[in-house]
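The form predicted alone is given below as one chain in structure tokens.
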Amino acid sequence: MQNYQIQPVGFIQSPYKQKFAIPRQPRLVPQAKAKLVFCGDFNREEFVRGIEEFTHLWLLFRFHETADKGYSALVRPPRLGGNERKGVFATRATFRPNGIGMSAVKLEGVEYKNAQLALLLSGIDLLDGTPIVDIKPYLPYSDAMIDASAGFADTRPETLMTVSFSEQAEQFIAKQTRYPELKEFIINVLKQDPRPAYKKQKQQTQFYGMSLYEFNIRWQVDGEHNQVIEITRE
């Protein structure tokens, strides 16, 4: 078998600073804004000439935080509550041969400042620092197959989770101006219920924390309700 070397064309600057709370699929949280910063020989405008004609892009990337942990033939998809095993090639699990992932995201624009080329994206589901190995335009006539079926993941994941904010959290959001969609961003992330599958069956109040942008966010889960308790800067 022949081995291949792949070099990144750029890296993602994402609001998700840890794997926990990242949506399991792209575009589930439209407010998740990110930047793809090109590197090395690929930091040239010629590489993206004409890309603004497309509204969405496919990103091929490397699961850089899990790739060195190897792969497994069988995995437990979160959509099945972690109770059933499926073949890794029948899922989008991260622990896979070659550690390659793909994500369809919205292109918001192209930026070229101080000799640095970047793509502005939204609906991202990638960890900060994710290496991008290729970019391809999304083609609706070919890529969107409306009569396709998707087995155990055939429908958009939905929960009955509701979200409220403490007085401190409301005041913090109101005072910061850099991220005008911060509240909606947090709401949509928490509505995805990022807890591990085994935690969702527990009835007692649970406490969690996550990092979004430069903020530490603490919340509690009571049944099907999330309350954001506190937001602080890192």
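Keep in mind that this is a model prediction, so the values were computed, not measured. The numbering used is simple: start at 1 and walk along the sequence shown.
One more form of this protein exists, namely the form predicted together with a small molecule; it is left out here, but the text below deals with it.
*Asks:* Pick from 135 to 143, 90 to 98, 110 to 118, 155 to 163: which stretch has non-hydrogen atoms within 4.5 Å of the small molecule in the predicted complex?
*Replies:* Among the listed stretches, the partner-contacting one is 90 to 98.
*Asks:* Tell me, out of Arg195, Arg62, Lys35, Lys191, which residue has a non-hydrogen atom within 4.5 angstroms of the small molecule in the predicted complex.
*Replies:* If I apply the 4.5 Å criterion carefully, the residue I get is Arg62.
*Asks:* Should Leu127 be classed as touching the small molecule in the predicted complex when contacts are defined as heavy atoms within 4.5 Å?
*Replies:* Heavy-atom contact with the small molecule at 4.5 Å: present for Leu127.
*Asks:* Would Ser211 show up as a contact with the small molecule in the predicted complex if we use heavy atoms at 4.5 Å?
*Replies:* No, Ser211 sits far enough from the small molecule in the predicted complex that none of its heavy atoms falls within 4.5 Å.
*Asks:* Are any of the heavy atoms in Ser122 no more than 4.5 Å from a heavy atom of the small molecule in the predicted complex?
*Replies:* No, Ser122 stays farther than 4.5 Å from the small molecule in the predicted complex.
*Asks:* Can you tell me if Gln25 lies within 4.5 angstroms of the small molecule in the predicted complex, counting non-hydrogen atoms only?
*Replies:* Yes, Gln25 lies within 4.5 Å of the small molecule in the predicted complex.
*Asks:* Is the small molecule close enough to Ile173, Arg218 and Asn226 in the predicted complex that each of the three has a heavy atom within 4.5 Å of it?
*Replies:* Answer is no for this spot.
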